[in-house]
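Starting off, we have a lone chain in the form predicted alone, written out as structure tokens.
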Amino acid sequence: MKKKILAVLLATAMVGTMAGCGSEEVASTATDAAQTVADTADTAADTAAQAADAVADAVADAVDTTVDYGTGEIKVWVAEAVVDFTKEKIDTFMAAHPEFSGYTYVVEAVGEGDAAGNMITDVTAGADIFGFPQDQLARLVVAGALETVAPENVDAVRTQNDAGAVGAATVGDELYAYPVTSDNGYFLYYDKSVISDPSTLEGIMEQAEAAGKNVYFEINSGWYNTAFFFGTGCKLDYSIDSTGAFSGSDITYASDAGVVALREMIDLAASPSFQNGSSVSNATNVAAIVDGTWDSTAAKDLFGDNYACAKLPTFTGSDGKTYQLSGFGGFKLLGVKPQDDENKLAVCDALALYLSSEEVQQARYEAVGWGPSNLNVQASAAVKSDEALSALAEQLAFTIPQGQYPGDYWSLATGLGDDVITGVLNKDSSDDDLMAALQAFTDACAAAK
């Protein structure tokens, strides 16, 4: 009976008061609700709604309200900012599902990063359901701290959430977690009175220079300078062995594509308008800055009526080709711990799917501003009117989910960027010089711990 209650959650997410309905009535009501969404959503949202509608047809087969799901306690770890919100949603879930009344729920404030570390240290003592950042996924899988998403849930998760979030929850071909947000990444904030066209990096710099204004981009950060290298197609991947240790790497910075990326960083740094940085609060005389949603309030205060946002621009490489700046994307995921009791596992799966559902993602955005991964919520009027989240959503389509990287990588990436900023690597450097620098970087990263 492992994980056979997808439709319990799906029905709750669509029509929260379905408790007590017969399975055929639930399926019909859920289908009607999904169709209403499909009629009002845009193309991206339609896809998710149709998928939800299809899954809802399985309600009659997936839900058996006569099953005794047993008793017990389910521990849930979430970030402090959403503890009260999560408690309220669990109460709603429980009220709609008396068949789970034998369970009590304990919601504890444990930050996503701490939750992953705690689970890896002691899976048995860890939470049954827990939030974590996507860069901890591989470690959690190796530690045996994550149950795979139920096969009957996979289509719903994959089609109702954006591709970046789904990729962040996947190892190999297996889906291991439920996406909750797509809101950790970077994009462009800019002053629209100065930058009339933010589509190309060359254009942005030209407009900023003409106005005597600054453009901020933190190119000596291993998080930000991947925008150039991933944009040209370079790889920066690490594998982890059964003990959780780094066991190998696939790094292709020492390549023609890497030279194009590095030369673009050099061209950017040579502009009189370039400033190295990524914090709106520390920026001055700003025309544009590459930053994230965490600085949206500061950016609005800085630019006032001229506040605007966009995905990162394209650039024309030294090879004459056009590239889209890329980079890392970050996502919050919800994991379920493996359980000895199949009934408890089924309840945990239902609750995790509900807490990551369209209904709850919409409410969570309204309550605390977390950017949704659900396509329907992304297409909602409230989220679309949020310029920062809209720009980030567009940018995340071009990014790579941040995985697990050794500590040395970050200092090595800083060193590479510093060589550009200080002029060690400059416009007069030959392609051979740049290739040599990238080979040294690649070799050091491959040996990083």
Partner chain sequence: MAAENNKNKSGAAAAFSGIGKNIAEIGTTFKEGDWKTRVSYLIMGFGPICRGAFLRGFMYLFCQAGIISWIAMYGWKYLSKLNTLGTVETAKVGRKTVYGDDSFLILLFGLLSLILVIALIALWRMNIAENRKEEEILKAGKKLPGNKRDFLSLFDSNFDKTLLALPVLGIFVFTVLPIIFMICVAFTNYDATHQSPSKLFTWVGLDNFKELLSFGPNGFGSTFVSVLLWTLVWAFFATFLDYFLGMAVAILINKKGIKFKKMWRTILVMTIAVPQFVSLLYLMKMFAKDGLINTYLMKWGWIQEAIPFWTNPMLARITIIVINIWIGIPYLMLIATGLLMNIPEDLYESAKIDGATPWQMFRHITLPYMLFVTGPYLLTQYTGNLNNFNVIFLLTQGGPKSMALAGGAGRTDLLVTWLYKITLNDTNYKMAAVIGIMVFIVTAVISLVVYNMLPSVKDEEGFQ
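For the two forms, the rigid core is made up of the largest set of C-alpha atoms that agree within 1.5 Å on superposition. Everything numeric here is computed off the predicted structure, so don't read it as measured data. Positions refer to the first chain, counted from 1.
Another form, the form predicted together with its partner chain, is not on view; read the next lines as being about it.
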- Listed range touching its partner chain, judged in the model of the complex by heavy atoms within 4.5 Å, from 323-331, 230-238, 259-267, 123-131: 123-131
- Note on the structure: Assert contact residue (its partner chain, in the model of the complex, non-hydrogen atom within 4.5 Å, options 249, 255, 339, 314) equals 339
- Tell me, out of 72, 203, 98, 144, which residue has a non-hydrogen atom within 4.5 angstroms of its partner chain in the model of the complex. 144
- Message: I'd like to know whether residue 418 contacts its partner chain in the model of the complex, with contact meaning heavy atoms within 4.5 angstroms.
- Response: yes
- Are any of the heavy atoms in residue 149 no more than 4.5 Å from a heavy atom of its partner chain in the model of the complex? yes
- Query: Using heavy atoms and a 4.5 Å limit, would one call residue 199 a contact residue for its partner chain in the model of the complex?
  - Reply: no
- Query: Is residue 284 close to its partner chain in the model of the complex, meaning a heavy atom pair under 4.5 Å apart or at it?
  - Reply: yes
- Message: Is its partner chain in the model of the complex close enough to 139, 274 and 411 that every residue in that trio has a heavy atom within 4.5 angstroms of it?
- Response: yes
- Query: What residues in 212-235 sit within 4.5 Å of its partner chain in the model of the complex, counting heavy atoms only?
  - Reply: 214, 216
- Query: After the core is matched up, is the C-alpha of residue 123 off by 2 Å or more between the shown form and the other one?
  - Reply: yes
- Did residue 176 shift 2 Å or more between the shown form and the other one, C-alpha, core superposed: yes
- Could you tell me whether residue 218 and residue 136 have their C-alpha atoms closer or farther apart in the model of the complex than in the shown form, knowing the shift is 3 angstroms or more? closer
- Are residue 113 and residue 413 closer or farther apart at the Cα level in the model of the complex than shown, by 3 Å or more? closer
